[in-house]
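Next up: just one chain, as structure tokens, the form predicted on its own.
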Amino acid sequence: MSQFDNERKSLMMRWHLDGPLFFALLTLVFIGLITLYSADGQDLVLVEGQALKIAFAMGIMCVMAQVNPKTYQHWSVPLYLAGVFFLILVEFFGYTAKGATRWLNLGFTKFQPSEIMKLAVPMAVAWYMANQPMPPRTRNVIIGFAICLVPTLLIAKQPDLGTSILVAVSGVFVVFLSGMSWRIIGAVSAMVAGFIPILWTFLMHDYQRQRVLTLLDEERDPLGKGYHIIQSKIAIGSGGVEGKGWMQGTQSQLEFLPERHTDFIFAVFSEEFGLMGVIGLLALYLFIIGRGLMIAHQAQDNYSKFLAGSITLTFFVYVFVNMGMVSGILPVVGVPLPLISFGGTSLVTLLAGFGILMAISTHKRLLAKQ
């Protein structure tokens, strides 16, 4: 190993950054910027704005990486309770836009408490499960699910189905990783299946039911509710093996594809870079997920293992749900393609989570050296 490699590793360790994960994330956000530039008609102003958001989110990630995981464990419950309190405030005093009440208006900015819960829920569940005997008893599993259920229902009522799903699975992953038995998994699966008719009849809004029906047959309303999926599938299929080339995609450049810089940016990427580009993008995502799971496996305590595993698997759900809905195999639920889609709030949450992952990875290695 050269002196340069040793110095680079030493610098990354000093800043508590996991080198392979850090550079994979940088590659992903770079791909996102060049795809965004093409998707939105070569609008450099939009790309510059996104680059600033990325820089801010990367700064948050680096700050989060400096914190000892024990500190996160100490603050898990207060953060969770604060998040639930803010969600209740949204219910009574929330700011409404586009038919949804998801924000608190602070005067100088609008704050979306549900984003906090993407990290607060797995942190709280990990805190609880780490203090219980392993494998967990049925009572402990029920309490773990209850910790997930309260914010999930509050977020679903806003309504925000996509975020509520991500918050729920982030906590459920912790319970699963704690080692619950297959008997409990089977019982929970049966309960979820039995709950689906109640969800459909009483809890889902009409537009959400229409999204599911559109998934089953998008041709029933090709110029209305099925338009997004039809145009997206045309874009993905027309990319072929090698793609049409950067900024050469007809669906995006001629503006047939809606929401092309946010939820449906994967269709833009697929049309321009084709199957080979998609394979490369999937390989990058899989590397990040694999690295996260390795960090979880090597963590020195149960809290860190559960939290690192949940953050990584929730990232996988982001990728799977977005690609699934854009490809027409899942309903459209408004989940962005992580680190590729335009936006700032989810970007900060995701990279903050990766900051926690790096803290778990690097502090563990420092303890091992000591």
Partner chain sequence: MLKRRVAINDPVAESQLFLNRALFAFAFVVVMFGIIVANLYNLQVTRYEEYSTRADGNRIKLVPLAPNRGMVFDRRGVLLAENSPVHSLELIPEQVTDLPATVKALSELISITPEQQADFLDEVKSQRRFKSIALREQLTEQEVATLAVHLHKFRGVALEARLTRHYPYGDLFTHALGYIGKINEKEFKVLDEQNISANYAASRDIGKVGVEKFYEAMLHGKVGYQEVEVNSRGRIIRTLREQAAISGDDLYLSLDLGLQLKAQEVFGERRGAVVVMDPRTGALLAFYSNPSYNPNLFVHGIRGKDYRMLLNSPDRPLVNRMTQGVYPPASTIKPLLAVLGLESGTVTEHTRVPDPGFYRLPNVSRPWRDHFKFGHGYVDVYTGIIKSCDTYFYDLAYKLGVDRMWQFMSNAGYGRKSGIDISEESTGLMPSREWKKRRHKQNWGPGDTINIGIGQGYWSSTPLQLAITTATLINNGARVTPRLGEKFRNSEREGSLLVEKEQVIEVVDPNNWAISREAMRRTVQQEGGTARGAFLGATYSAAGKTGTAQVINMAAGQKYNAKAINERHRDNALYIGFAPHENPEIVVSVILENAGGGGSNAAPVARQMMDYYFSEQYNNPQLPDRAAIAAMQEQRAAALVAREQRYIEEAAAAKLEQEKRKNLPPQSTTDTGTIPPQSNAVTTPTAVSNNSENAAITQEGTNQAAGTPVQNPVLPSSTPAASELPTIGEDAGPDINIDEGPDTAPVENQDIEPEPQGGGR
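Numbering follows the first chain given and starts at 1. Owing to the predicted nature of the structure, the values given are computational and were not obtained by experimental measurement.
Below, we turn to the form predicted together with the partner chain, even though it does not appear here.
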| property | result |
| --- | --- |
| Interface segment, criterion being heavy atoms within 4.5 Å of the partner chain in the predicted complex, picked from 62-70, 325-333, 48-56, 32-40 | 325-333 |
| 4.5 angstroms heavy atom contact with the partner chain in the predicted complex for residue 244 | yes |
| 4.5 Å heavy atom contact, residue 76 to the partner chain in the predicted complex | no |
| Heavy atom of residue 176 within 4.5 Å of the partner chain in the predicted complex | yes |
| Non-hydrogen atom contact residue 255 with the partner chain in the predicted complex at 4.5 angstroms | yes |
| Residue (of 146, 81, 282, 89) lying close to the partner chain in the predicted complex, criterion heavy atoms within 4.5 Å | 282 |
| Contact residue in the predicted complex, chosen from 262, 238, 101, 105 - any heavy atom within 4.5 Å of the partner chain | 238 |
| Contact test, all of 156, 161 and 207, partner the partner chain in the predicted complex, heavy atom 4.5 Å | no |
| Interface residues of 261-277 toward the partner chain, as seen in the predicted complex [heavy atoms, 4.5 Å] | 266, 270, 274, 275 |
